[in-house]
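First comes one chain, alone, set out as structure tokens in the form predicted on its own.
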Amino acid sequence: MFERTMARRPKEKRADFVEKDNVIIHGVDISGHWNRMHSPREITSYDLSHLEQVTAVPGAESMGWCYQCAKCIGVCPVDNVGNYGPRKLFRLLQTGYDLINSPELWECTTCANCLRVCPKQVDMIKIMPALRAKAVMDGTAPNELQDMFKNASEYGNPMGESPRKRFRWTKDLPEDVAVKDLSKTPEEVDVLWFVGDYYAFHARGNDAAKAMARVFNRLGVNFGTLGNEEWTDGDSQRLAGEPGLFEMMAEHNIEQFSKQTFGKIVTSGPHALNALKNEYPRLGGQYNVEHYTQFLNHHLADLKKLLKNPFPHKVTFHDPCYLGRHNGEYDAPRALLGAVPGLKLNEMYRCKEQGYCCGGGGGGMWLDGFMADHVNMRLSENRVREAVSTGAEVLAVCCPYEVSRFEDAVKSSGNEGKLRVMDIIEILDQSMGG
């Protein structure tokens, strides 16, 4: 046997530790006043007056149901570029924060991603419009929104364009591409096309509107429009806190619809789809409504016969929140893109149910200046960077807001020349030879 002898190390003298009031090491604040491991940090006194004020507003009751699991934070697009989310708003309200008179009231885009994961069904799509309506009544809405409300009230569109110009985009179409103005010459049609503000007034929207007219004509669709008698659908005004203005817009459109005979309404945009399908019925407007991608998907067999020209590009697709999460349509846009010869679809990581928001919903289309003070990057810029990372040459969209939003974001994010933004209807039209 061998006897193992272990040398003992001399006992080291323990150093004394001193808590200092102000210590920053490598840029990290480890000052004693907050870095006490065993000192209680929880808030023990609450001011619930503002939380009770919020939950007392009809439509905003569910804000009080939050139990702070924080599932919403990871999926909130605004938190992705800033500091936001229902759980954080609830916590602020618990500590006496006045949400109704704060900038945070206007940052939510009502994208519905938080509602998708919330186990308590805290519904920001109802909460935010309800609280914003109170703020609008109190005169505290951002100036950009107040300008938009005024334009919609005076001109029937949020852009402040003369209503006499609404049908002007059709002037450059050749004679063989007919677009009926049913407000002047009513006749029975299969499809009443609700063109929308951006297709009618914005230059890039005009491109998509003309493409839609060519596609409808080639397919032999019997369609017409309300011409200059169409007003904005009102969905953005409602979500931004002007339910009265929404009802005025809706009642006008419902009156115009009642003068026509048609089978279904086809909308250019998801917001018009949401308004006409889900909000107009409570005002007496009950219609068969489809987004244009849904309508064309029903005619896919005939459409494929017309898609002759290859579109040899890598394409990625952005799911609009109000077509996808709000109205459950993810397949129709992809079916149309899949029918285009030569097109290769590269999906973004955040897609379908988990799709990222462009920032235009909930009135956000008119709040870019306001949002710039509260986020470190525009939501549209964040999305463009993700699109570029897929290797795509084209970012395909099917919401009239998104062409202009993303084209601006391509430039401001330093990706000009790397990514084109096209409405799906433009891609179809190009493949048909338009």
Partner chain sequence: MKIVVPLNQVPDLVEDLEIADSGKELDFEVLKMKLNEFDDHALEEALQIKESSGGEVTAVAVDGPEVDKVLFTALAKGADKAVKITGANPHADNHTQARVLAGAVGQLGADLVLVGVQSAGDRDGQLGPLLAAYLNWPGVCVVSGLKPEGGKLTFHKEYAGGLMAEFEVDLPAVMGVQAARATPRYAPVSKVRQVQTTAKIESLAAAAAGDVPAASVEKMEPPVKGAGAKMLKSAADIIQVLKEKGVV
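Since the model is a prediction, treat every value here as computed from it, not as a measurement. Numbering follows the first chain given and starts at 1.
If you look for the form predicted together with the partner chain, you will not find it shown, but the lines that follow are about it.
Remark: of stretches 209 to 217, 161 to 169, 306 to 314, 328 to 336, the one touching the partner chain in the predicted complex is 161 to 169 (heavy atom within 4.5 Å). Proximity to the partner chain in the predicted complex, defined as a heavy atom within 4.5 Å, singles out one entry of 244, 74, 341, 186, which is 244. The listed set 137, 300, 117, 92 contains one residue whose heavy atoms approach the partner chain in the predicted complex to within 4.5 Å, identified as 137. Annotated contacts: 149, 153 and 248 all touch the partner chain in the predicted complex [non-hydrogen atom within 4.5 angstroms].
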